[in-house]
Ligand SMILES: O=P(O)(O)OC[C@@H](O)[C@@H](O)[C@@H](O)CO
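In the form predicted alone, a lone chain appears below as structure tokens.
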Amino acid sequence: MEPRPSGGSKPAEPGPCLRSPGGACQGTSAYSLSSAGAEPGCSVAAVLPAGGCGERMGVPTPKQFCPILERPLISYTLQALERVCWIKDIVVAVTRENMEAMDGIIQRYQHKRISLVESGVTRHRSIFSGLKALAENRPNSKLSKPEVVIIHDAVRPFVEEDVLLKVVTAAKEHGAAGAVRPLVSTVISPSADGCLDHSLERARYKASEMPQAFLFDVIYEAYQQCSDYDLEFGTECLQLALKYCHTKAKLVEGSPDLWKVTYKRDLYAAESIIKERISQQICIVMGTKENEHVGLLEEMLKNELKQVNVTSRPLCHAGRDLQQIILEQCYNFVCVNVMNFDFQETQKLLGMLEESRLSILYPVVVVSVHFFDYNSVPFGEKMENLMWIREFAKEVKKRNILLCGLLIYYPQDELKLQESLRQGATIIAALIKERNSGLVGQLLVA
């Protein structure tokens, strides 16, 4: 089957493109690159087999399409590969019935450099389909044969550039390379009657992980020569290179995050990792620079979230500082409405976030904070104004922005004020860490 290009042919970072104050276009990749600037010095492509049905997951949806924070798992893996600018092409092998769904994912999340091919009935046949697409120089095809090809699982979303660079560099030198990790459990061999026959010495063995990389001619020749039995029942690509091309793979130590989403519980673990990664920065936005309560709230938040970067910015019309924060991939905002009890400041912030299209890849949490001096204006009047948060929240949730409200009592007693701020910081921290969409539109009280 001829590969189908999806998401455009121009290499680009995934996600929306924002204009910096200087006019430069910057992509919205989620995390900084650990090997920024380093390149392997050869042409590189990647193949992702994604035709599995996910039997071990125990759910009707193939695991690569299972949602995490309402976004399919495979989209996170594609994003991880797209962040690496020296990977020229990414070929995804999916079943014919899932081709349209996969194309929709690519369009919705603005993935680039992706081509789709029809998968085979087994993992090795799917990989072979991807390799064929890269090997065949079809007219009008944007694909070309690379010097090195990466093979990676569609359900390993946390691969980092430094690991990819290591396996590609090793493959360029040795012909094949793969990431490995220490075995967690001892491997045993049972006898025919179900009793222990023997066990392996765990220290002498490693667990084979992904990514793996190969000189393209090596792995393509191996697949052309391999038996039907290997194509049907084999799983280890490095073994094919050794068996059919006599190429010994260089083994590269992988990171703990290379684990594969296999069971249903792994989805929750992956969600937890993603939540943690996108909760490392909080921006407090206010209408004015000088406000003692905002300063105290910022201090309380820093105490509550010791490993998180908490900054504050004024919400001005130009919004240059805030635009820079958005460009730096901040997905958490606390908007303080000090002088009024409508949502003027919050509305300005929401407008900027919607314009930036930051929330395409990850949900953005916005906590609208309102200080309440109950000695000045009747409580009922203020609450009536604040309940408009529900309408705002319904609208922006369509664009993956999770809006919540927080009402902080503003008493004369300094100790009581500090306690209210402390409670408010605890609530904000929980909202950002959990990203609970069930609380969208709620007005919480501290």
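Residue indices: 1-based, along the sequence shown. The structure presented is a predicted model; accordingly, all values stated were derived computationally and were not measured.
Beyond what is shown, the protein has a form predicted in complex with the ligand; the following relates to that form.
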| property | result |
| --- | --- |
| Steric status of site, the ligand superimposed as seen in the model of the complex, threshold 2.4 angstroms to backbone or C-beta | open |
| 235, 227, 191, 272 - the one with a heavy atom within 4.5 Å of the ligand in the model of the complex | 235 |
| Candidate from 301, 134, 210, 150 lying within 4.5 Å of the ligand in the model of the complex - any heavy atom | 210 |
| is_contact(residue 260, the ligand) in the model of the complex, heavy atom dist at most 4.5 Å | yes |
| The ligand contact in the model of the complex: residue 156, any heavy atom under 4.5 Å | yes |
| Touches the ligand in the model of the complex: residue 123 (any heavy atom, 4.5 Å) | yes |
| Segment assignment from 141-149, 201-209, 361-369, 329-337: heavy atom within 4.5 Å of the ligand in the model of the complex | 201-209 |
